[in-house]
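First comes one chain, alone, set out as structure tokens in the form predicted alone.
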């Protein structure tokens, strides 16, 4: 059994882990990354949940399903007549798998390019040693490696409902939701969050009758209320049935489907019978099998690794990032923490500003936001000004035939500093970056209002919403 020595050992090859490894290698360190994810052939599949069963495959299916829906419903408006439209689910899923593999292979290439030693297997703490920490890697063969610095980036797992554990055949997590082999006639979802809405959108577009059950009384409570209402209106129009304020009861799995007993917001006993059930009620930090107790690594009551503002754990030279620590469970947040930790190891001052982490829901219309909501500003007593601009008045959106939604700016009433930007509409996942940049530079709404934006472009809605803060829109 070999015991190779490294300056930095990263446990986990997801967005946080592989980026931390690359940045540490760029800074001159001898780096190893350990990841156990396997592809269908048993080979390495780095990229974590995001690449394998999350962000990347879901976007591939969202794109495919959007093409299918447009061909069936929207092309005719453009003078494009489609006859004999049919669906090849197997080919659609195969394309999704190809996109995933391209990303897996891309990460393996980046490891090679940056001279990072990759170990395919499960990593766990063995003990402290004279150089730092000994890590056991259990894979095709068992071996031990040592690292002076350890970066834990083990991600998160889907949270299951008690009594309705995932079998990935009838009761599905995000993993099974991406592998349904035929369009279910009736699909149920528990949880109207990001995953629930995105997966619900995919299968609704492909022909399923979709019902989403949400325990909270408000729709997308973390989203600005005005934006959430606009999105809900669009989803209702599409036929995505969303029931709020429900209380889930017994879930029974039958020979060919699932029965969900629940109480409606009005207190009425209801039963929903579906062919498949997707449960998306959040995620839990993944520390199973890490053997944290072997070295005394502290976990909190959720099972997350306890860290300070700099991602330092209670142990010297042990760091943790991404979904396995506090903060939003977002791939790009994990990446920024990975870069920051690598730079801190090098004695630099890596920084992550949680106030400017953007959020995106890739439904149709897309939803994106950064900073504070109007409700948060009201609750904090901060005096603010608001400005909105609808895509209905945007020339590019009209040309696209996609005018649902708006852009909303919130700015300080006195200084005009941008406090939050909220969007629902076409391609807003790409528009939100301008707001993030502006907020990082402490820009005012007027700064955005006075910047020249290309015409015709969707980004003009951002400029107009900034103008609206001062009640001087030009096109509405």
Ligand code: NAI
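Residue numbers count along the first chain shown, from 1. Everything numeric in this text was worked out from a predicted model, so none of it was measured.
In what follows, reference is made to the form predicted in complex with this ligand, a form of this protein that is not presented.
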Check your understanding: Which of 368, 202, 190, 397 has a heavy atom within 4.5 Å of this ligand in the model of the complex?
Key -> 190
**Study point:** Partner-contacting position among 215, 316, 401, 303 - heavy atom within 4.5 Å of this ligand in the model of the complex
**Key:** 215
Study note, to complete from the structure: Answer among 327 to 335, 224 to 232, 109 to 117, 75 to 83 for heavy atoms within 4.5 Å of this ligand in the model of the complex: the stretch 327 to 335
Check your understanding: in the model of the complex, does each residue in the set 90, 182 and 206 place a non-hydrogen atom within 4.5 angstroms of this ligand?
Key -> no
Check your understanding: Taking heavy atoms only, is residue 159 within 4.5 angstroms of this ligand in the model of the complex?
Key -> yes
Review point. Might residue 283 be said to contact this ligand in the model of the complex, defining contact as any heavy atom within 4.5 Å?
Key: yes
Check your understanding: Even though this ligand is not shown here, does residue 340 get within 4.5 Å of it in the model of the complex, heavy atoms only?
Key -> no
Review point. Does at least one non-hydrogen atom of residue 170 fall within 4.5 angstroms of this ligand in the model of the complex?
Key: no
Point to revise | Stretch 356 to 381: residues contacting this ligand in the model of the complex, 4.5 Å heavy atom cut-off | key: 359, 360, 361, 362
